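Just one chain is shown here, as structure tokens, and it is the form predicted alone.
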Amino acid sequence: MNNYTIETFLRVETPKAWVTAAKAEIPLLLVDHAHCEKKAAATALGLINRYSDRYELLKKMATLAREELRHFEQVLEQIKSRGEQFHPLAPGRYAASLHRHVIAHEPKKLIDTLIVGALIEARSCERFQVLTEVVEPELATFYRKLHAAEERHFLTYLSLAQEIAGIDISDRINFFAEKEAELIEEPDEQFRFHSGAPPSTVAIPA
């Protein structure tokens, strides 16, 4: 089995243009972040419902779902403390674009889904680290606390994928990692927590 870190798992770093946009769009960033935490909990629960015969997956996804819901609650508190409102938000292209490449038949479907989960968690972790360096101290402290949890979630998804496969899956990991890198580096019309670089034609306030 291959051992990965966030740095070796992700192929590219978050573009500086995204970081600049994030600093100018904190309310939107937080609302989308809340949606991401809610979806992460739903994903874990979906895996529990779909693969009820896999004990280790059930146990780890139950823990993950609880943590993601707690994070959702904590982001809601961050939104409220700023006098903002949580509201519906059209999803970005990131997660759906990755899931589009998941193989439709089992067990490859489950393995691919877990690899995608690992990538999403790894990118979240990387962005929390980036954000701690540019946002206000209170929010930076909050993101530092989330960083450790997201790293743990990344490793949970990845270890499950490797254990269930029982063989070297580095080729499949590399395939999805390259697709993820393309999404991060390509211009993205929507600003979201996992969006790519803002289009060069769009002026982003400093």
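Bear in mind that the values here come from a model prediction, so they are computed numbers and not experimental data. Numbers follow the displayed sequence, beginning with 1.
Same protein, other form: the form predicted together with a further copy of the same chain, not shown, and the subject of what follows.
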> Which single stretch, out of 22-30, 55-63, 144-152, 169-177, brings residue heavy atoms within 4.5 Å of a further copy of the same chain in the predicted complex?
Replying inline: 55-63
> Given that the partner is absent here, does residue 158 sit within 4.5 Å of a further copy of the same chain in the predicted complex, heavy atoms only?
Replying inline: no
>> Whether residue 181 contacts a further copy of the same chain in the predicted complex should be assessed with a 4.5 Å heavy atom distance threshold; does it?
In response: no
> Is residue 164 close to a further copy of the same chain in the predicted complex, meaning a heavy atom pair under 4.5 Å apart or at it?
Replying inline: no
>> Considering non-hydrogen atoms and a 4.5 Å limit, does a further copy of the same chain approach residue 76 in the predicted complex?
In response: yes
> Mind checking whether each of 38, 45 and 87 has a heavy atom within 4.5 Å of a further copy of the same chain in the predicted complex?
Replying inline: yes
